[in-house]
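Shown below, as structure tokens, is a lone chain in the form predicted alone; questions about how it binds or moves come after it.
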């Protein structure tokens, strides 16, 4: 987001308090949503709840086309519609809600670097597996993505999405990668996060970066919901590499968001031995 855009959002957001009927829009949870969108939606929901901001979740088949940026999730807050995690974080910050107020400048810079690592590496890997691996695209991604639509629109939209993602992968240098290289990138990303965490309960404080790592970790761990969204090899790698992060990120984050241990509203069910 440009400085001018941030200033404009800040001015608009600061005018009104956060309403009780704020709504987050995402694709249909049971039949349509894919791993990358599910993780992004979970990250926004987790962030808002950690900020103590109420939000309702609405699942719409055309959520992607309702979004001003063409990406999900997006939130409808008062007269404003804001899409994607970064702009939503800036929007809430302008309203006086932030999770990074207790960090110094060095911690903020480090925090941004790790957030970029988590968001860019894991999200890109999720998109690659979904749309660039032929078997995953044919068996999971295209059928789920196009499930609300009838023939021939379902095939047109699914292949259009696949072509768009593959063009993006080529543009960022991922077009020539194989699955093994992507798995190795994911493994290295998870190892970097694990090393940064060490034996500490949190990265910086009780909230920041935790919510973003939590969203990708939860949606990639082996469980019934995630099994329908992604290649099982991704689950195995993340579960193995994130063994410490699961206990230090997923469980503490759940305790912060849902003190009662009730997180079924996000469709999350985790059993750790």
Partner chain sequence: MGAVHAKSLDPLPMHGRDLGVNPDDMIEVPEPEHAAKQEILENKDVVVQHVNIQGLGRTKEDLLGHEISDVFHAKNLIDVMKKAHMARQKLLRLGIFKEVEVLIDTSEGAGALPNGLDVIFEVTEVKRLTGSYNTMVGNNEGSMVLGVKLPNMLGRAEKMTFQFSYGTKETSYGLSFFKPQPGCFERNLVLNLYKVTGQFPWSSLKETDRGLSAELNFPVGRSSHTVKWEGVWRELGCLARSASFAVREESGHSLKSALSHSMSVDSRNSAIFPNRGALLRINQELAGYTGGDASFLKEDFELQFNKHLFLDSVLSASLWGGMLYPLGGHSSCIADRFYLGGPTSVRGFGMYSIGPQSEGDYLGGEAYWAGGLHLYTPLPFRPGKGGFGDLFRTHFFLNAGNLCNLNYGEGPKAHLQKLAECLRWSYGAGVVLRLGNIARLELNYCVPMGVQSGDRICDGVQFGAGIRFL
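Positions refer to the first chain, counted from 1. For clarity, every value in this text was computed on a predicted model and none was experimentally measured.
What comes next is about the form predicted together with its partner chain, which does not appear here.
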Task: Output flag, 68, 152 and 160 jointly within 4.5 Å of its partner chain in the predicted bound form, heavy atom basis - done: yes
TODO: Identify which of 76, 142, 119, 93 has a heavy atom within 4.5 Å of its partner chain in the predicted bound form; exactly one of them does.
DONE: 76
Task: Of 156, 192, 138, 103, the one that lies within 4.5 Å of its partner chain in the predicted bound form (heavy atoms) - done: 156
Open item on the list: I need the one stretch from 144-152, 106-114, 180-188, 161-169 whose residues put non-hydrogen atoms within 4.5 angstroms of its partner chain in the predicted bound form.
Closed with: 144-152
Task: Contact of residue 18 with its partner chain in the predicted bound form (heavy atom, 4.5 Å) - done: no
Open item on the list: Quick check on residue 60: any heavy atom within 4.5 Å of its partner chain in the predicted bound form?
Closed with: yes
